[in-house]
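Next comes just one chain, in structure tokens: the form predicted alone.
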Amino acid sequence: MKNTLRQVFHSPKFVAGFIIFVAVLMTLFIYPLFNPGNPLQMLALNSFSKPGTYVSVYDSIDTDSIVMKLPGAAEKRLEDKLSMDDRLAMKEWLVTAGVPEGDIDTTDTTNLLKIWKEKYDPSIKPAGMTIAKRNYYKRLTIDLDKALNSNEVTIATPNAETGALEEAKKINDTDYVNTKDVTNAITLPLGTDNFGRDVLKELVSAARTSIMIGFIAGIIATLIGLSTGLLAGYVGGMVDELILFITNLFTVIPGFIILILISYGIGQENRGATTVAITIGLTSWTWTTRSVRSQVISLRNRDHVNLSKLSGHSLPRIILSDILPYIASYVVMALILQISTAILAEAQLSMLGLGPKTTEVPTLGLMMNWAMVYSAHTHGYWWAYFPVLLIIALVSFSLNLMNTGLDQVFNPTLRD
């Protein structure tokens, strides 16, 4: 056993995959200790908030401020205010006004505003431009003038007796507050999803659930495949033909189609994470059965097996003592592949809306489903789906790398 483990951990591919997988698992179990709570809790009332640190605007008003004159602060403020659509619209108007297109750089805010101030005239009516479009340019110019000329904001509160607004505080564009001094602040490294939930906390919980589904489904599928493969390969005869008939029946009909039909038949309310895991396990054992059976057929007439038969050992003892140890490494590799396959199967099911019910726990597939339904990929909300794809890829890659490493260790034809 020690020699076998030494060989396994001398395989670079297995070690690399093992480290990646363990690192993912450690993160999934350690992070909730620092950020506990319900991963499905809705924090934001709006959808797809960008990653970053958020502070309460209301609380920041009464926070002590300091005066800072940061270089380029005004230009940065204008850049944020001027969207790319506005820049392209300004370029369109300037071109119709006779400005060479090559002289207009929409990414250069300072130069664009300079040309706009020199050339824009609200009295000009370019041919084919609608009144609504001309009004848009007027509003845009007014907003830009306010942003350029305004350097303070007045905070007013209603008088308790008269109800009239009274000046409470003035905020200048050079006033800054330390975010650590604001009472209510929250950091969202991956922003929020379409429901206003913390994506990172949700991702950690989803990955943990998906890996749990993979392990349950993989163990079930491997146990079924191992049991039927051992019986079919060693006993042979009618038992072999019956098991092969059932296996071929499940093989002819694609397993994922069977999985879809069973999941649909169970119903949304009854589809918990464990139920989905069991369903995946019960529909993905066929290739393990066929592989184990072929391995057992090559072993059942070996000398040590025949010697056990002559000694009068029972069938369970022969299978467990004389055959199973010789295919143990293959069974472990089959288990790893089954886990990887089950994680991907859950993601596929959830993408189709047939995964675990959404009110209990998130899964990686459910997060992808939510991102797709709410068009995160078309609106550029990468934080809602890209980290999910990355975790799925990392877990699958690490498991397959471990399997490849084991195959190189135990398969004589692949040894260096």
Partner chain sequence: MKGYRKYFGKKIVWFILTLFIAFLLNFILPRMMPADPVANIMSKTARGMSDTNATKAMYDNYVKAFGLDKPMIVQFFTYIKNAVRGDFGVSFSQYPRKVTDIISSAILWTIGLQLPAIIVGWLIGNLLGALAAYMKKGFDKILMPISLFMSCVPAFGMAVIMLGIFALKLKVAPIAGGYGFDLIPNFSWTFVRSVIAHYQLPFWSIVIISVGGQAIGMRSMSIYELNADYVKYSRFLGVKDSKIVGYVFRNAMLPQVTGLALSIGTMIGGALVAEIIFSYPGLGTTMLSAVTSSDYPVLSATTLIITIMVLISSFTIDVIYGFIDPRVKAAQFD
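Every value quoted in this text rests on a predicted model; they were computed, and no experiment measured them. Positions refer to the first chain, counted from 1.
Below: the form predicted together with its partner chain, not depicted.
K.L.:
Please tell me whether the candidate spot formed by 253, 258 and 400 is one where all three residues come within 4.5 Å of its partner chain in the predicted complex (heavy atoms).
P.N.:
Yes, the whole candidate spot contacts its partner chain.
K.L.:
Pick from 110-118, 162-170, 341-349, 295-303: which stretch has non-hydrogen atoms within 4.5 Å of its partner chain in the predicted complex?
P.N.:
Contact criterion met by 341-349 only.
K.L.:
So, residue 357 and its partner chain: in the predicted complex, are they within 4.5 Å at any heavy atom pair?
P.N.:
Contact check for residue 357: no, nothing within 4.5 Å of its partner chain in the predicted complex.
K.L.:
Can any non-hydrogen atom of residue 51 be found within 4.5 angstroms of its partner chain in the predicted complex?
P.N.:
Residue 51: no, not in contact with its partner chain in the predicted complex.
K.L.:
Quick check on residue 353: any heavy atom within 4.5 Å of its partner chain in the predicted complex?
P.N.:
Residue 353: yes, in contact with its partner chain in the predicted complex.
K.L.:
Closest heavy atom of residue 265 to its partner chain in the predicted complex, within 4.5 Å or not?
P.N.:
Flag for residue 265 set to yes.
K.L.:
Tell me, out of 307, 249, 88, 153, which residue has a non-hydrogen atom within 4.5 angstroms of its partner chain in the predicted complex.
P.N.:
The residue from 307, 249, 88, 153 that makes the contact is 249.
K.L.:
Which of 28, 368, 55, 361 has a heavy atom within 4.5 Å of its partner chain in the predicted complex?
P.N.:
Checked against the cut-off, the match is 368.
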